[in-house]
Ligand code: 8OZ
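Take a look at this single chain, the form predicted alone, given in structure tokens.
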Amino acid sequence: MTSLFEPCQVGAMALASRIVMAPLTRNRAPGALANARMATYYRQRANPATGAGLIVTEATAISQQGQGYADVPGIWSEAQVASWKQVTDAVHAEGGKIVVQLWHVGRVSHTSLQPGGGAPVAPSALTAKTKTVLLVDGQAQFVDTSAPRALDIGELPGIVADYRQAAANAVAAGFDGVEVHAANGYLIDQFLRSGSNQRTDAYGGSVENRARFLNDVMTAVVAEIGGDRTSIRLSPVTPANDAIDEQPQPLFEHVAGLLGPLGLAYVHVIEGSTGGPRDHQQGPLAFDYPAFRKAYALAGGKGAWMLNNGYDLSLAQVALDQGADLVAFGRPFIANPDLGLRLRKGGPFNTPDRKTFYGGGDAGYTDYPALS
């Protein structure tokens, strides 16, 4: 029987356990730069004997256009690459592994965060029925997203190039790999879903066309840093950030078929509604996760299969028994820097303070106690 605490090989990474720290936006990177406080935060969770076998960073913008929230980090400039080195060095000093999640938010943004105060970009000029986070006097405030403009088809190769450059920058910053964020209603997911993509060109309409942008991005990133250092995050049925598609099964089975031949390190799947009910569904039928994985395997996919959303130790063991390779834990890692050890011991577990999730300083970030 596979154990959550046993080592495994994931692409180019030898992991000491199957426990993954999921990406968690914390809004503590002023100027879009990583900093010493962030290095401490990740270091606290990096020791594979007590924390995570693998850390996935908070979502990190590939360009200023890709920014959608206040004080989130980027990885498009030389200064940002240099700033991230203190984080990767800290994690590696603890014997840990870390990948950066590459992010373009698309329409989930605000004009105050965009270059020149312009409109956010999207597959189609449809405003997302969701909110983003701005900081006012250091306090997080949730505000409506701004109306986006539709991307011209001629702009898409430039965004793909931004993903490719961000992947190269990640390697230069010392990351062990990248996870492309294609979930939760952000730009790649916006192209995938019929509710946000009303294009009539080669990137809209059919499932094949709507998945074209994802394929362009993933192919470019793999070409830059190799499939064994490249991964992807998907959320087939989440309603997060106004993500809607009434036929997710054929859509994501097609996506799985595209990913299979790329030799990815892992595929990260959010089950149900992100941060909400695991049994949430879209469309007339319950989403068939085993069929989704089978489509990936039939296309030659051999990368690890990572599951995420509301896991505890017992549920994680069930997932491993049913064939998952990795299990990601999100909010429990906020309050428990030594979550791996606490899972081994069966607790106790600190309770996270929701008031300090977004923005602020050390409180609710680096001050949660570890077991003595």
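Position 1 is the first residue in the sequence shown; the rest follow in order. Values in this document were obtained by computation on a predicted structure and should not be read as measured data.
Beyond the structure shown, there is the form predicted together with the ligand, which is absent from this document and is the topic of what follows.
- The partner is absent here; in the predicted complex, the one residue of Y163, Y186, Y266, F252 having a heavy atom within 4.5 Å of the ligand is Y186.
- Of the residues given (A59, A46, L339, A316), A59 alone sits with a heavy atom within 4.5 Å of the ligand in the predicted complex.
- Relative to the ligand in the predicted complex, residues K97, F175 and F333 are all farther than 4.5 Å at every heavy atom.
- The candidate stretches are 202-210, 121-129, 177-185, 283-291, and the one lying within 4.5 Å of the ligand in the predicted complex by heavy atoms is 177-185.
- Using a 4.5 angstroms limit between non-hydrogen atoms, T25 touches the ligand in the predicted complex.
- Although the partner is absent here, Y311 sits far enough away that none of its heavy atoms falls within 4.5 Å of the ligand in the predicted complex.
- Contact check for Y69: a non-hydrogen atom falls within 4.5 Å of the ligand in the predicted complex.
- Scanning 337-372 for heavy atoms within 4.5 Å of the ligand in the predicted complex gives just one residue, Y358.
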